[in-house]
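Shown below, as structure tokens, is a lone chain in the form predicted on its own; questions about how it binds or moves come after it.
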Amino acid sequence: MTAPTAILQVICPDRPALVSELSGWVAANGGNIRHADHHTDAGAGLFLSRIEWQLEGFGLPREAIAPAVSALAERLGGEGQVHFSDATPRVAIFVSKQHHCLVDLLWRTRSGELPMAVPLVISNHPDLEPVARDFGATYVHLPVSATTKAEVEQEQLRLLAEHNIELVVLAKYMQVLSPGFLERYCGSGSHQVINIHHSFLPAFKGAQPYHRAWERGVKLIGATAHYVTEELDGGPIIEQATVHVSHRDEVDDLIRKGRDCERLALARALRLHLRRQVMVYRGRTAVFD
């Protein structure tokens, strides 16, 4: 069992000696740094840092680290947060009828590859209840129509609160979450919903991207995992996967090959998010992989 670590994420205005100041703060409190990654966005004048250190021997108790990080970030004129590697976030998966991403995520969770718990699966169709049940998740069927969408989203929000859900994953949910849902669940500026879109964004946003890719005769298709925002398929990109196609491939072949990309991109993105290797700024991401 790996010893638990603390993970510091800071975004602040760039200036000299920030690496020294941040690592010095960890060292001054007795922390042994295991990983340190930094990035300067010269155009934006921003400095991004992710520092991970062992909790054993650290001078501050766990409950005092977050307030200390807030004070540190304020002194730097930026934003900061801290996470702990031994935390197990509670995740809800939203699905429709396609099972490939759901099965993949549940299997990776059971095997310990994804450090999370999945107590809840919500779907607008009843088809995948046996899958969720096999993995010990509560399955809730909530049919959605134009007239019931607001009511359904109210119930979804209630279920997320009841199950203490920290992150929602749209694993081929095939429904657009309303701005009201995102505002109430995510609040301002947070990123708590991840979606998998079956194209290499920004190409072929919206419905039937494989059909449109086939019509254009593309030679490369892909899948994109991204945070959900009010802009359809326009949220900050976390991970993408691609595969080559040829003139011999029909639409069904693109769909079959694309499903492999969808599974891989979504699993990678979720792992990066859970390991706190993703930082969002200015509508884009820095991924410290």
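The first residue of the shown sequence is 1; numbering continues from there. Given the structure is predicted, the values throughout are model-derived calculations rather than measurements.
One more form of this protein exists, namely the form predicted together with another copy of the chain; it is left out here, but the text below deals with it.
Remark: of stretches 151-159, 108-116, 176-184, 138-146, the one touching another copy of the chain in the predicted complex is 108-116 (heavy atom within 4.5 Å). At the 4.5 Å threshold, heavy atoms of Ala286 reach another copy of the chain in the predicted complex. In the predicted complex, another copy of the chain sits beyond 4.5 Å of every heavy atom of His125. The closest non-hydrogen atom of Ala68 lies beyond 4.5 Å of another copy of the chain in the predicted complex. Contact between Ile238 and another copy of the chain in the predicted complex is found at the 4.5 Å heavy atom cutoff. Taking another copy of the chain as positioned in the predicted complex, the residues of 196-215 that bring a heavy atom within 4.5 Å of it are, in sequence order, Phe200, Leu201, Pro202, Ala203, Phe204, Trp214, Glu215.
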